[in-house]
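The chain that follows stands alone, in the form predicted alone, written as structure tokens.
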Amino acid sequence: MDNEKMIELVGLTKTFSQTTAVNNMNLDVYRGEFLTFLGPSGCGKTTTLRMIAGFEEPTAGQIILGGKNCEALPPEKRDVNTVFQNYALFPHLSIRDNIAFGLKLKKLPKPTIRDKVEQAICLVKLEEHVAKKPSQLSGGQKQRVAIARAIVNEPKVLLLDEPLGALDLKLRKEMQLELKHLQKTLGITFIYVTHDQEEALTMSDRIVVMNRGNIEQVGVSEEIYESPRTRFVADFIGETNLIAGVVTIKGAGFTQVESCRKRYSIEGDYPYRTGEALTICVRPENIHFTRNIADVGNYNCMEGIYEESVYVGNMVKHILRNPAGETITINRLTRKGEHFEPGQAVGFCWSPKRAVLVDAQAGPT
């Protein structure tokens, strides 16, 4: 990825009747970047992708591709290709002919078509299947054909609309790594749409988290997971514990928050004012049990009532309720002898460095 802008979305808006699917989006996508639009169904991510591809016309705003305004251009005039979840392969054509289809429409010389198709086939590892029809392939192999058919045209941008959604979990994880490797090999800008948080965190250079047509946060995987800027992002990405509180002190590099009649310190500079309601967010893996809540150094401590445990292989999820009745989840590596009874009072703690503060409400920012 470099600093050259491949796509610029400027004030991009799309409305359907009384519904705003995409709301005044401003975003730069860089050459060679793997960018992912992530969010729940109906958040506007696929609509944004379709506008970039030319399948939807914006209500307002600009789409600038390679320095040229293109929101009025039809799909075939844009230097992008799209891979859909349903593959859209021609059932009567061989794999080789499916991949060559776009090049033949461009009426390129036959030797050029042959060389480009062979290169694409090698990239997606389909050498043994070129003479087969789509009906003879597995789901993962069909997806490789769809990707090869797109990249053989050497587009500036490859758009992928939940392309792995129909695959089983094991194959999906394998394809995630293959796609990421393929993108790095080709150096093509990928724009990917998914609702799967783990998939986005695994594959992306940057993630655009969307909610109700708005961008909630843009950042690298670590930033999105470790430092969510809104309650929606904190709650949507992975698991997190949300503890309601009120700011009591604003210090230099820390904020003190009152919750459940106790005060807790959170490191970092936040824009909240004294008396403002907010939410403490702590990931389950960052909370630890303690037998003595009065003697844990600088850690924030709270007491809860134990409810149940859930065994998930190498990890146990411990479920508690804090004094405010909020659910607290603590993820611990499986350990013999670490056992609690339902109804038991249990102390737990977390570091001021391992929590973040976000708005009390989860609406779009």
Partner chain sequence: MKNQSSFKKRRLSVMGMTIGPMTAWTVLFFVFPLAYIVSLSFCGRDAYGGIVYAFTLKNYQTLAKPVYMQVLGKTLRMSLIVTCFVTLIAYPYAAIAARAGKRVQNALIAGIMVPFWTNALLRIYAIMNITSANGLINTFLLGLGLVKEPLQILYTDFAVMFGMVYTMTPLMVMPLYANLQKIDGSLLEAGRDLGASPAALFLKVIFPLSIPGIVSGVILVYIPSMFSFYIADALGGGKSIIIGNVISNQFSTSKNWPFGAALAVLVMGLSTLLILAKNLLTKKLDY
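Residue numbers count along the first chain shown, from 1. Since we're looking at a predicted model, the values are computed, not measured.
Beyond what is shown, the protein has a form predicted in complex with the partner chain; the following relates to that form.
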| query | Out of the stretches listed (245 to 253, 110 to 118, 94 to 102, 261 to 269), which one is close to the partner chain in the predicted bound form, meaning heavy atoms within 4.5 Å? | reply | 94 to 102
| Though the partner chain is not shown, can you say which of Asn286, Thr230, Gln197, Asn153 has a heavy atom within 4.5 Å of it in the predicted bound form? | Asn153
| query | Of Met175, Leu167, Leu123, Leu89, which residue is found within 4.5 angstroms of the partner chain in the predicted bound form when only non-hydrogen atoms are counted? | reply | Leu89
| task | Spell out, yes or no, whether the shortest heavy atom distance between Val80 and the partner chain in the predicted bound form is within 4.5 Å. | result | yes
| Just to confirm, Glu76 within 4.5 Å of the partner chain in the predicted bound form by heavy atoms? | yes
| field | Contact test in the predicted bound form: Tyr30 vs the partner chain, heavy atoms, 4.5 Å | value | no
| query | Would Arg50 count as a contact of the partner chain in the predicted bound form, using a 4.5 angstroms cut-off between non-hydrogen atoms? | reply | yes
| task | Would you check whether the partner chain, in the predicted bound form, lies within 4.5 angstroms of a non-hydrogen atom from each of Thr202, Tyr225 and Trp350? | result | no
